[in-house]
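Below you will find one chain, with nothing else, as structure tokens; this is the form predicted alone, and questions on how it binds or moves follow later.
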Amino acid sequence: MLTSINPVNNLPVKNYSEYTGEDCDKIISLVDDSFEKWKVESFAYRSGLMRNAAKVLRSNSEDYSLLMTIEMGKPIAQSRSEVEKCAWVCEYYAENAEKFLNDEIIKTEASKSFVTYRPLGVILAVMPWNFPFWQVFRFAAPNLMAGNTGLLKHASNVSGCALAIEDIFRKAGFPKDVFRSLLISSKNVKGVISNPKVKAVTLTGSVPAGQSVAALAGSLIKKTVLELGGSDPYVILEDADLEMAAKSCVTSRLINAGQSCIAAKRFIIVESVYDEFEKLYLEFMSKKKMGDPLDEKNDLGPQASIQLRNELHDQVMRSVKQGAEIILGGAIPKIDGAFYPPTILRNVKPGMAAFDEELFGPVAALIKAKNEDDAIDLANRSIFGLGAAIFTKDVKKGEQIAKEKLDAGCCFVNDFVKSDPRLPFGGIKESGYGRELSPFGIKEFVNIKTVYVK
């Protein structure tokens, strides 16, 4: 039995019967059979259905937003934004997929030689709870447009979202078995990956989950794309607009109650402006309100579960024992639910939990750097490499640092890191490999085939 629990009050929302291995095999066979017809459909046909999916999302935005908020605690305004972003990615690939996958002529000694992009088949997506609609649609939109069919193994606490997404594609007119959700626990993913009809796997989640999936898929010679989170550094140089930087950093740290792989997590400030930045950051962070995510006056809701909240607090307490100092928050509130307040740690250094580990919640780690070079060194001193940002009024210098010096897949100058359908998204090091979104994302799970005609 899979249970969705409302993190606001820790009460069950709904129970879902878990699919058996036989159920899964039957669904996989149906999705594989559907691939044979789907792969030969025209881009125009697929595009029309994908645009319909965008319309379904927008016309039912309130229902989907409420479902997300109840199942995992996202502030309702952010849930609405997430639904809209899903509609955007559907429209983006509906408009651009054919162009991205057009044959490419390559001049050789042949009378004709070219590269063509052909779908692989059934693709499994193992997705997390933190962006329960967006994570799925950024996988599904490009892959369905490419001619693949999709299977979703969603996080167990957002099973309602998993079924809602399956229903969205049906309401949009997609053939029934082009996209299906599998209601199974993590321990049963192995059987799905091992099914020979599943051709590739994409996973967004923890490093251990990525290691497990990649090891199994690799042993079966199946391609994977992994997005495994991060500990994004935000570097504040001495010439930065400190007020703008502090506001941007607070916004990024608290999106989705801090439960975002690309949320700002480590704030590295050169010492000449450290005191002023800390003052501004504390001021802006202190104004943010925690509470019921259905109340639009609140800036952040609960963590997704009591267990996750307690793990976050343990990281804070371990950091304090290692020498960090709490200057805001840092205490579990005596109220129902999985709430954790906006928290700031100062005097954070390498070797501390708040520096070395991913803080998946509203906890900011302030780190003082001697100078610009030291700040960049501290930013790169991480096992992760997903996102990074740099704040400076010297835009040319900021661009050069982002391009050449920061070790991350997504580097932003004077703004917080965000995903965008038009730009590739993914990381390096233990943040994973492969790319989602943009023309790069749609080409991850296709056969890049050479055709040579003499």
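A residue's number is simply how far along the shown sequence it sits, counting from 1. None of these values were measured; they are calculated from a predicted model.
The same protein has a further form, the form predicted together with a small molecule, not shown here; the description that follows concerns it.
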| message | I'd like to know if G73 sits close to the small molecule in the predicted complex, meaning any non-hydrogen atom pair within 4.5 angstroms. | response | no
| 4.5 Å heavy atom contact, S185 to the small molecule in the predicted complex | yes
| query | Would G337 sit within 4.5 Å of the small molecule in the predicted complex, counting heavy atoms only? | reply | no
| field | S286 within 4.5 Å of the small molecule in the predicted complex, heavy atoms | value | no
| task | Could you tell me which one of C86, V126, I367, I168 places a heavy atom within 4.5 Å of the small molecule in the predicted complex? | result | V126
| request: Would you mind picking the one in V270, M352, A155, A240 that has a heavy atom within 4.5 Å of the small molecule in the predicted complex? | output: A155
| message | The chain here is shown without the small molecule. Which stretch in 321-329, 209-217, 247-255, 293-301 comes within 4.5 angstroms of it in the predicted complex, by heavy atom distance? | response | 209-217
